[in-house]
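Form predicted alone, single chain, as structure tokens, below.
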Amino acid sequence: MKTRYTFGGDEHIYVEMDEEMSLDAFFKSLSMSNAVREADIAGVTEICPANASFQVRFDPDVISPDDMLARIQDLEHKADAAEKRLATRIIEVPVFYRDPWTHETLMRFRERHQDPNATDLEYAARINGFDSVDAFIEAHHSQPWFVSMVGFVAGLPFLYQLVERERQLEVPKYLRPRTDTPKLTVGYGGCFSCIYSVRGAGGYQMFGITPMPIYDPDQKISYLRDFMVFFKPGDIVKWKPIDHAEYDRITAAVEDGSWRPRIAEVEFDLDEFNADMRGTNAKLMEALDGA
């Protein structure tokens, strides 16, 4: 990986670890953005981490752009030497695949899609070489996902699947964005899955919907009372397929405050994962059994 530094006008520096998404790039980005924060550089007003990059905003009246760039570059060696281990959590997220709401929405926007004669799931299964939608859904939920970024809209997680490179699912975004996406849609674009935290426009393929709210600015939902946004970078997600009846049951339980997601505290070690991906995933998913 070769880090690329770019000025964004007089007030921003953009730091890109790699043009391709990878967990190595994510961990280096996380380590560097943490190092900038810990350095407490005079003039820095905001640090915004992303999937394989981060951006620093600063006051050019306090520190010049060239001096800011030099300070950040000096911290790169700390990221290279940082331990790639996280104390984090694995969360089971229920998903109603092929639900009626995302299906109705995607059918309204077929003229914006690569294959107007297929659903989003049918298209995704075909271009990824699966014989059926069921097989594709199995591939989507059978292995865990890593939250590499939260944002775009408030609370939306970007999720990167913890599998070998050649097994990564890839699906392009719509040719033109939709003007509507149901709240809590489970979507897919490029190599990332996501959950749309609010209703609105969107271009990701739509695979299903979760009954689990992930953003609550009023903080009335039982498990969002401490903070309005549920996910944070480094979280690990295991999708759980559910049917319509289970979706309705969970939705009602969320409303009466009796439902909480299954969560287990785990440690993620990137070196261990790279050495034995399937074994590491099995250990992570086993942690949910006692949650």
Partner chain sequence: MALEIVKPGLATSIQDLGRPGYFHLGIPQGGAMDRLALRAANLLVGNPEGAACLEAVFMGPQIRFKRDVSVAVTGAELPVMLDGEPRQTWTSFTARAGQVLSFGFLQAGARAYLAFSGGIDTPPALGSRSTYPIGALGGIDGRNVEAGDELPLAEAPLADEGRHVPENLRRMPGCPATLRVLPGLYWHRITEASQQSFFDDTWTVAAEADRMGYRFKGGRALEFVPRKQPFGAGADPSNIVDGCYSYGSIQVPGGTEPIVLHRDAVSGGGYFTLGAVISADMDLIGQLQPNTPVKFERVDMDQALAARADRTRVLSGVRELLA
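This one's a predicted model, so the numbers in the text were calculated from it and none came from an experiment. Residue numbers count along the first chain shown, from 1.
Keep in mind that the form predicted together with its partner chain is missing from the display, and what follows is about it.
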item: Options 132 to 140, 76 to 84, 212 to 220, 103 to 111; stretch whose heavy atom lies within 4.5 Å of its partner chain in the predicted bound form; value: 212 to 220
item: Output flag, Gly8, Pro49 and Phe192 jointly within 4.5 Å of its partner chain in the predicted bound form, heavy atom basis; value: yes
item: Sole residue of Ile263, Val229, Ala35, Ala252 within 4.5 Å of its partner chain in the predicted bound form, by heavy atom; value: Val229
item: Contact assignment for its partner chain in the predicted bound form, among Pro60, Gly234, Gly257, Pro241, heavy atom within 4.5 Å; value: Pro60
item: Contact flag, Arg278 vs its partner chain in the predicted bound form, heavy atom cut 4.5 Å; value: no
item: Its partner chain contact in the predicted bound form: Met149, any heavy atom under 4.5 Å; value: yes
item: Its partner chain contact in the predicted bound form: Ile127, any heavy atom under 4.5 Å; value: no
item: Close approach of Ala118 to its partner chain in the predicted bound form, 4.5 Å, heavy atom; value: no
item: Residues within 4.5 Å of its partner chain in the predicted bound form, restricted to 13 to 39 and counted by heavy atom; value: Tyr14, Glu16, Glu19, Glu20, Met21
